[in-house]
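Only one chain comes next, encoded as structure tokens, the form predicted on its own.
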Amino acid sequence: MADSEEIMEALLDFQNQCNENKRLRRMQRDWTKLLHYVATDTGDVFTMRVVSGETTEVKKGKEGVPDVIVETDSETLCDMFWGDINPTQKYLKGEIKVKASQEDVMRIDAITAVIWPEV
């Protein structure tokens, strides 16, 4: 089980990877969303704000009304943000639950394909 500090560290690493990837930023330039990541085993919730494809804010706690909610256990969240697992496979197995529009689910899938093409 990962603690909230470890999850936040992984989220911040993910934020840097996304923001430094020029291809991803171009692809997502019209995507502005509020995301909540929920660690189902610890109850921790994290808020991520994406504005025009740039992750502008990551913080612990639930803030605002999310466009996307991602739920899984704390270890899977960390592994996902650090690129140690393929989140698409975990999603298809039901180990990661995503509550969002179909378009947003497809966007998230595209993001993972660009950030972690070899996973």
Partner chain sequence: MSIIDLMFQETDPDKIRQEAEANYKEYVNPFALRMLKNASLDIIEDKREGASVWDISGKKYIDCVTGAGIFNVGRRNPEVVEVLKKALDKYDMGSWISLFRERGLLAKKLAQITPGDLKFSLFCCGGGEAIEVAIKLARAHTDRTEILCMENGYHGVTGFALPATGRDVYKTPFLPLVPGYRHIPFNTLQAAEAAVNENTAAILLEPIQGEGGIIPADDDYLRGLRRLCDEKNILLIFDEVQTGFGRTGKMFAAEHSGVAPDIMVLAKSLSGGLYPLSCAVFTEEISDFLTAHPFIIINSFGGTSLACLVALAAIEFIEKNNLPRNAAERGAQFKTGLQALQQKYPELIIDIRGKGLMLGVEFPEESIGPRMAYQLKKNGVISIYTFNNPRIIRIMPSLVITKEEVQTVLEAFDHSLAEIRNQEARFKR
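Residue numbers count along the first chain shown, from 1. Keep in mind the model is a prediction, meaning the values are calculated, not measured.
This next part talks about the form predicted in complex with its partner chain, which is not shown.
Engineer: Considering non-hydrogen atoms and a 4.5 Å limit, which listed residue (T56, T88, S52, T42) is close to its partner chain in the predicted bound form?
Structural biologist: In short, T88.
Engineer: In the predicted bound form, does every one of K93, E103 and A110 come within 4.5 Å of its partner chain, counting any heavy atom?
Structural biologist: Every residue of the spot touches its partner chain in the predicted bound form.
Engineer: Please tell me whether any heavy atom belonging to R25 falls inside 4.5 Å of a heavy atom of its partner chain, as the geometry stands in the predicted bound form.
Structural biologist: No, R25 sits far enough from its partner chain in the predicted bound form that none of its heavy atoms falls within 4.5 Å.
Engineer: Hey, in the predicted bound form, is D79 touching its partner chain, heavy atoms inside 4.5 Å?
Structural biologist: Flag for D79 set to no.
Engineer: Closest heavy atom of V98 to its partner chain in the predicted bound form, within 4.5 Å or not?
Structural biologist: Heavy-atom contact with its partner chain at 4.5 Å: present for V98.
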